[in-house]
Every structure is written in C-alpha cells, then in structure tokens.
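Next up is one chain by itself, shown in structure tokens, the form predicted alone.
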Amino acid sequence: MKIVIIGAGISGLSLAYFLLEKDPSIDLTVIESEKKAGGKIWTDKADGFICEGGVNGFLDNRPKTLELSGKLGLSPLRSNDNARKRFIFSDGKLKMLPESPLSFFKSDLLSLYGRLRIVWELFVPKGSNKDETLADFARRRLGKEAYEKLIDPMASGIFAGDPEKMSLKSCFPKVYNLEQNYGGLIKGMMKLQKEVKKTGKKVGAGPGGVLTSFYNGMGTLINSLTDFLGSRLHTGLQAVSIDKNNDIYTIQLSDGSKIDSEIIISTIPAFALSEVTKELDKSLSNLLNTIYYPSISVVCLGFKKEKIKHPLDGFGFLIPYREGRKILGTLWDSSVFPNRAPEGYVLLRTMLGGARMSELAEQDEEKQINLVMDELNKIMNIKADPDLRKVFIHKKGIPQYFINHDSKLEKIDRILKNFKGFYITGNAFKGIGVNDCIENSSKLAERIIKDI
C-alpha cells in the first residue's frame, strides 16, 4: 500500500512515524516544500545562543508527545522552577500573575471590583450551547476588567489572536465544556477538585502541565524524526495540484514530476492546501481559504547579563491589547531553560504581529529589531545594544479559529467523504499546539490503518 504525506511539519513527521510503527511494510513518501523539515519548529544556534524561531516547547500533561520522545530515545527537559512566575504588563507596570486564590485577592493586578466580579461568576447563569467569541464569554462570565487584563493577553500569548473573533468552543474546548457540564467555571473547578480527591486523576479546565523542551531545543525532536524517516523524506519538493482518476490520486510536483498513490494525507497549512485542491474540489478549496493566518515574528535578542538591570526571575510577560504596546510579549528564555545563552549572557525572545497587528511582523528585520528595542526600553528599561540579533518572520503564521470554526470543519468532513483515501490534518483544524498535532496524527494513523 502506497501512502504519500504532503508536509513535513510536526504533524506530517509524527504521522509518518505512527503509520510505520503500526505497519513497517507501508510504501511511504513524505514531501516538503521547504528545504528543511519542521514547519514552525525551528531551532537556530548562533554564537552560543539557542534561539527558537517558533515553538519553544510543549506541556508535559498529555502523554503522546512524551511517549513519542521516549520511543525516539530522547530525554525531555522540564523548564526551570522560576518559569512558574509569569507577568502581565498592566497599567504601565510589570505585575506578577497570582499563583493561588489568596495571592489573587491580595494582588493589585485587578481592582477590588474586578476581583469581586470574578467571585460573582458563581451566580452568572449558564449560557446557551451555541458558540461565542472568547471575548463575549469572558465578559459575560468574568467581567470586562478580567477579560481585558487576563484573558486577552492569554489569547495573544497562545494564538496571537483577537478574542473578539476567536471561537471559545474551538480554541478552549475545556472551558466551554466546563460551563456546559457544570453551569459555570468556579462551580466546575470545585467539582473537578472533588473528582481529583476521589480518583487521584488530575483534571482541569486550563492547559496545566509544565513547559517542556529538550536540552538543545525543540529542533531535537524534528531531527530525530527526519533521521527515522531517512530517504522516505523529500524536501524542496512542493505539491502543486491533486487529481483523482478512479481510486488513484495523482500529485503534480513543483519539479514537473508526478506521484500516484491510493492514499494521500495533507498536513500543510489550509491556505496552501486551498491552492493544491482548486481543481480537485472548488468548494473544499474555498472553505480552506477562509481560515485566516496572520503574520507573526519572533525577535531574539542576546545581552551580556550586566547590561540588564531586571532580575529576569520568571517566564516573561504578556501585554493586554488595552495597553497600546506594539509587541505581544517577551519570554526570558535563558531563565526558562538552561543552555539557551552562553555563561554571563541572557536571551530574550519577543513576539510581534498576530491577528491585530499582522503588518508589524511583515516589516524588514531592522525595523522589527528597532521596534522591539524601543518597547523593551519602555517596559523593562533596557537601553543597551544587543550582542545577538535574530529575527524569524512567519508570514501567514498561526491559523485562527474564528467563531463557528467547528461548523466549517463539519462541512470539510462532509466533502472529504466523497474522496476515499484523502485525509487532512494539521494545526489549522483541531488544535495549534505540538501536543494537539501529535495526538491528532496518532488518531489519524489508527484510522488510516483501520481503513486499509
């Protein structure tokens, strides 16, 4: 049985691994348009610094990524304890996120009214089961201040998104289910805590877990998967179009060659697949093209430690949109994982662009560096010139799950029923994180083997 996987990001690479693990006899080919595999996982080493150009880790609370790492012989690295300290730039100051209910009520991150309004969530009636935006949900259940100061920067940090457009059900399904199943967030969390005491099984509505990577960065996982695939992986080869004749698919490639296969799986971005499927099915192509991808960039700056007055004791900070700043936030990478900066240096990693300010991530590198330096000067009082400057620009970077995203997926699934042997996965559909992609690939591998 011949199978072709289009795309060698973490979805495509892990899917290839799981398929071969289940049936080593599969005639498998993976094609990737870029010269290197990995997609948004991109680790760059320069002058003793380890810079993550995209994904900087995964949470250790879901088993599939850890299981895959173990099978590849890798040793995951948990983030430092001080990475538990996270900050919000609010009202012109860096303020630490409270780590417990008691510290929350003592914190000045929210006004007294804002804190009491969160307690009032206990008495907010349950909403309908219809999808709503994250912003509408947060204002309804937690109040305007909590939305602006807490929920908004979280959405920027995870999705680089606009909460006024993001689907609660698709972006944060656990939170959606908490209200639907228990009538509210606080009620739900109290019930879940009781379940923990009874069963010992850890449950929760938030992401949970500890940020985890590898000693030499997330690229370690990509390198191991590419080594495993060997000659089955072909980079610098782009799928141009897909045609179907009876039960055989023909993929036209950028070098003029063609591949025939009974089964093809796309793991490429939705906008790219939209182009590839124009001739195969116009309605599918149009649906895929409606998934929005704003640009986002990562600016890595390395400094001699003596140049930075801030103690960098924590994970970093995020910025609410209401503050009017031009960056989404900055991670203090050398405080999160060891080995990210040479002895006597620190590494800061700043994100800009996203759904609300996509154009800022499309400027030339020098402008982006100057913008970030200006912002860090105002926020952290950093005035020194950096010793390391690296910019990673992702045009059409992170897919956005807008309201009623689930309805769009249902329409796509209905169309795919007409194309036996054609499967779609990737971060544009059911989760953008590394854990989501690997879990979805594992489930799809099981489905494909069953179908075969």
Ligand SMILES: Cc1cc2nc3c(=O)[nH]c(=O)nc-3n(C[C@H](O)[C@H](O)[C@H](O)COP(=O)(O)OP(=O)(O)OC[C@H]3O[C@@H](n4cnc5c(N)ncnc54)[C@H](O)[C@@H]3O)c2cc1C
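Just count from 1 along the sequence shown to find any residue number. Quick caveat, the model's predicted, so the values are computed rather than measured.
Omitted here: the form predicted together with the ligand. The next part is about that form.
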| message | Counting any non-hydrogen atom inside 4.5 Å, which residue from 51, 398, 391, 68 sits next to the ligand in the predicted bound form? | response | 398
| Of the options 287, 272, 154, 210, which one has a non-hydrogen atom that comes within 4.5 Å of the ligand in the predicted bound form? | 272
| said: Please pick out the stretch from 97 to 105, 356 to 364, 187 to 195, 260 to 268 that is in contact with the ligand in the predicted bound form, where contact means heavy atoms within 4.5 Å. | reply: 260 to 268
| Any non-hydrogen atom of residue 31 within 4.5 angstroms of the ligand in the predicted bound form | yes
| query | Would residue 41 count as touching the ligand in the predicted bound form under a 4.5 Å heavy atom rule? | reply | yes
| Hey, in the predicted bound form, does residue 20 get a heavy atom within 4.5 angstroms of the ligand? | no
| query | Does residue 55 make contact with the ligand in the predicted bound form, using a 4.5 Å heavy atom cut-off? | reply | yes
| field | the ligand in the predicted bound form - contacting residues of 7 to 29, heavy atom within 4.5 Å | value | 7, 8, 9, 10, 11, 12
